[in-house]
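Each of two forms of one protein chain follows alone as structure tokens, named structure 1 and structure 2.
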Structure 1
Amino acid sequence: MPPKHYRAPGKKKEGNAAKYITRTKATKYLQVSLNTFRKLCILKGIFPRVPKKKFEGNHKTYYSLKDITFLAHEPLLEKLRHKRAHEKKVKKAKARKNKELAERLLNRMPTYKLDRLILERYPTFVDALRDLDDCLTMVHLFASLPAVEGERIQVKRIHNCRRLSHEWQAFISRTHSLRKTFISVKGIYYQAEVQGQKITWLTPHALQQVLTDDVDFNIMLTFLEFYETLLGFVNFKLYNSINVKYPPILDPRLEALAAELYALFRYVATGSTRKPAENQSISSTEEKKDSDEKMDTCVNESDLQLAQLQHQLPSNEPGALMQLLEDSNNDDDDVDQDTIECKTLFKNLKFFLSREVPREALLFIIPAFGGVVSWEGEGTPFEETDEDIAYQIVDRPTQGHKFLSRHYVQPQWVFDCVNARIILPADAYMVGMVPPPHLSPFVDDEAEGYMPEYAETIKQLQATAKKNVMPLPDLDNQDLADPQNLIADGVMDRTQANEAAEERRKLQLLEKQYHDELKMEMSGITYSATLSNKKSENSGSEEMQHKDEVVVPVSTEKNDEDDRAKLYMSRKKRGLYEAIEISNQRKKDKVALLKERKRKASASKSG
């Protein structure tokens, strides 16, 4: 009798052994080193698989044989081999002190392009957008790394990353497709919606990043190489979709002032509004010449530049301005309700950023929601002394000179407004105050089973804001803040009233419960007996607060029912059922812990 796994000579492999290959064998098969193999895998997006049976042992990495043959036909493989040969030549030349030859060879290093790979991995544009999360996070991370010569990363690449990230942000901001923002300890999360795809990315805080030694930058740079190319192509496609030329040509003056993002905004805005605003541009430039001779070189129209214009023009010509604004509004056809909502959130509001505020993030967010923003420094659209500024974003303990016409708020206010999609009352976010807790917009509180207090207030605010339709700011943009202020005040009052009512109701309920229990005790009904009664009572009553109280003491009846059903399940199903129960229990425990902490915190605060 032949052995169990005997295969006659000449007979092909079957089963898992025919479908999968271990990594060592794959590298041997491709005749590449492990490093090259890794690079190929990263660029081609090939990943290990889990065969049903790990025929060569548990500790090995298995790849699909099809993937590996796919790699074997990859032209990039040959390119990488050429590159390696070329590097050897350079090394040899250097060793022979033939500087000239080495330099010449270095200049003619064989290069490869990844565009074909990108198309192969993402056959449609939507595919690329779907996979853009990691790409954006990585590019933004590298954009924030120190661009220092002699570090492990080339300065050129960091600059490229910065360029790409700014281009992306400019597009998102321009198309108002930013949806959610969140300041976390790790950085700032953004979520945008492009062509129906939700894209989330993380940008580190604008601080010096820590380069640790336990990181292999070769791997990261290989990833980055792919991501840079991908984002370049994606940006190109996106810019094309809004009729802007790519790559953008920036105003060198603004670039020098490290306001690349702003420069890009202007460029993008100019590009997309060029056609409809053509006739306007002539008239406005004439006006400008009349009013001011030393107006800077940028003559093109944009709604951002309108702020500048507005600053310099006397306010007796609001008609022209409004027309311009309308033009810029009409040019893109918004079908999406969400986009319209986002676009109009900060509409007609002017923001000013103080020095200590993270400029890049806010410069990205505020225009994305229709606001106009300026900051301290050269080349800004308007000055701090501008009377129309509605909100000044500050992040310092005290504010020296205060304009009464504007609110001084902390940066978190902007993020919370954006997440709530309403203008929140600015009182809680004033200078020097401890702002209310910042909540993640990515959490579904209801599914989680616990709603933080502030989330509830925001919900109420949203509800009230929906009820009374937001009165659009009047045409006279003299006091923009006031109506907003009024709304906020109104909203605030309502919420307070609601809260008070809630409190009263709760108190009443508690009192009633207490009395009932007392009565029961008097009449000598045992606790367990009351439970069932209570249950029926509660099911009749509409109060939701009692729900968890009923559930917590587990009645034996219910348990019996469970046990009875469990008896009849197959072992597999029972295991599954128990696992689900455990996870549900874990969730409940978590919520219970949160509630407990909340209770303690409020107790310590009051007591």
Structure 2
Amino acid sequence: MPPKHYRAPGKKKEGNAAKYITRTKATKYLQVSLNTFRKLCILKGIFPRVPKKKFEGNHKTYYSLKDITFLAHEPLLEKLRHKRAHEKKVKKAKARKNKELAERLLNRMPTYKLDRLILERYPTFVDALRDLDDCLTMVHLFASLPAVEGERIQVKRIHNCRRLSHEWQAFISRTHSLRKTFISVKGIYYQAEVQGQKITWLTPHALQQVLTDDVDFNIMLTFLEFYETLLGFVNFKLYNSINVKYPPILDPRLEALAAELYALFRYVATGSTRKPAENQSISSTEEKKDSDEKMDTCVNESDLQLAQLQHQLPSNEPGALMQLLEDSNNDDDDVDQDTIECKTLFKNLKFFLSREVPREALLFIIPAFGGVVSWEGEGTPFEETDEDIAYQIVDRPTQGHKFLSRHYVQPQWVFDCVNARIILPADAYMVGMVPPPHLSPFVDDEAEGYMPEYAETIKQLQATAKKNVMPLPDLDNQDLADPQNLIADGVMDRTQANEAAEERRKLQLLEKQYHDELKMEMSGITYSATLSNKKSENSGSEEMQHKDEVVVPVSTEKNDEDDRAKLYMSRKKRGLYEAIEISNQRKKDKVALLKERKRKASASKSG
């Protein structure tokens, strides 16, 4: 008798065996090592699959056979093979102690580009923006690592990551696209909105990072290689969208002072105001040579614009020419309301950062919301003694010298103002005080069913700033769904409540009468006997009549309806419904626990 999975020779494979292939067979089919196979899969975006039936055991890793067939014809595979052969030549030359040949071979190491793979994986720019979360997190992580020679990570890779991350932050800050920030134990979370896509990434805290042996840096460096290319393309596209030349050329003085982000802000701010046709050349010698030609072209362009504007100018309106000029240079026509709010949050406010605060995070956030920021050191926009400074960010127990014309606040105040979209009172964030709880903007309090006390305070401040009427306190979505709760709280009018109660009582009486008549008809009681029984019933007291009226509770009716609905469900839907009920019950228990903790904390404070 043949074995269970016996297949006659010459017969084609069927089912999962024909659709999937194990990793060991895939490496043998491609004739590559495991490290090269992993690198190919990461760069091409090929991931393992889970077939319904694992025909070679559960301990195997399976891939789609179609993906492996595509990999066999990948041009990058040939490049990697050439590179591996070249590395063998270098190794052989070093073993023979032929240093000249080894150096010559190292200088001629074959290279490859990932431009074509970027276009294959992301046909449109929106696709690249959707997949940018992990890319930004990885690039910001490597940008914070120590750039030390002799480590497992090359110094130029870390400098490149730092440059790409600063270019991204400069664009987000210039276009005021930042929406949410949150400080956590892992780092600082940011969320920006670029061309309608919400992008969330995590940056580590500005602490000394140590490279551990628990992490396989070879795999992470392969991901980083792809993400560096992707972020470079995205930055190029975004910078061109605001008429700024890419890559940016920074001020060498600021770059030497480790103020690359501020230098990028200045470059983007000056570059985005120029028209693409009016971009100046970089070298001063070329500027001197072409100055006369540029003056002529500028005069011609200005004459052409003036003629066009005079053609559109109404003759009877005195300031129309200036208005048209402002409209032609205004870039905020197509900006949504959210961007306008972010742009004007810290407008006309000056901030100064003390040396102990996280400078890069605040230097990124404050300009993104319209503020002007400076810090201690050389190359700063203004000094600490500037009288126009409104807020100084301090993170120390006490502050020695104080200026009476400014507020001294902790860094959390900036993050809370950004999330609330209003200028919060600085009294709770003063130096030496315990700040209020830092609430996450990524949590929906209404959906969770619990509103923290400070969140309610922020809502009231937001309503006061917008001059809106606040909703009634302690009003839940469940109360709005059940009008009985609103009647009890006095939200609904008393006459309307009485009318609703009367109609409900009448319906219950009619339903009871119908059931009684149906029972009498089944028992064979005549109509005359019914009339005589009615007279005796009418002579009864009103108390007995109210006792006979049985009001079914709403909760019991709802439970009965749920039970009846469960009977008509399939097993799969019933299990899903029960899982939803368990999840809702856990959420209610969590809310009850939070309320109990809040009650105990308030009792301990008062006691």
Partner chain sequence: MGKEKYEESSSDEEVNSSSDVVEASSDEEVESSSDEVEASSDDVESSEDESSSDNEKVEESDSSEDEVAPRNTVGDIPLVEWHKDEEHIGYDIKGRKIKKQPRKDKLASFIEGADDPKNWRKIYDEYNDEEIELTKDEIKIIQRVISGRTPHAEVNPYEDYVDWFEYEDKGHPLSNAPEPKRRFIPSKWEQKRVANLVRKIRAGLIKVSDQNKEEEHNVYSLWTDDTDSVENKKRGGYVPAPKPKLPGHEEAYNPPVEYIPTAEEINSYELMYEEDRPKFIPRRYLNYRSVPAYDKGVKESFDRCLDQYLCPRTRKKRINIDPESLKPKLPSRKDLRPYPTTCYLEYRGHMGPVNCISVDPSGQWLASGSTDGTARVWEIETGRCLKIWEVGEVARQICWNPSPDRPILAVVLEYDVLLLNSGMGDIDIQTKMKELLHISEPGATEDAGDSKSAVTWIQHEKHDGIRMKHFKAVSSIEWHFKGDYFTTVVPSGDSKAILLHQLSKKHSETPFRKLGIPVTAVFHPSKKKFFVATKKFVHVYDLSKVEKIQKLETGVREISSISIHPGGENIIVGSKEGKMCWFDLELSTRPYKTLKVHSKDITRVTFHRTYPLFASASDDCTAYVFHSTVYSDLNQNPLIVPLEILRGHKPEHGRGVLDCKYHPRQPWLFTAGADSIIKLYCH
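We call the rigid core whatever largest set of C-alpha positions still superposes within 1.5 Å between the two forms. Because the structure is a prediction, the values reported are computed rather than measured. Here, residue number means position along structure 1's sequence, counting from 1.
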May I ask which of the two structures is the form predicted alone?
-> 2
Large Cα shift (2 Å or above) at residue 566 between the two structures, core-fitted = yes
Against the rigid core, is the Cα displacement of residue 576 between the two structures at least 2 Å?
-> yes
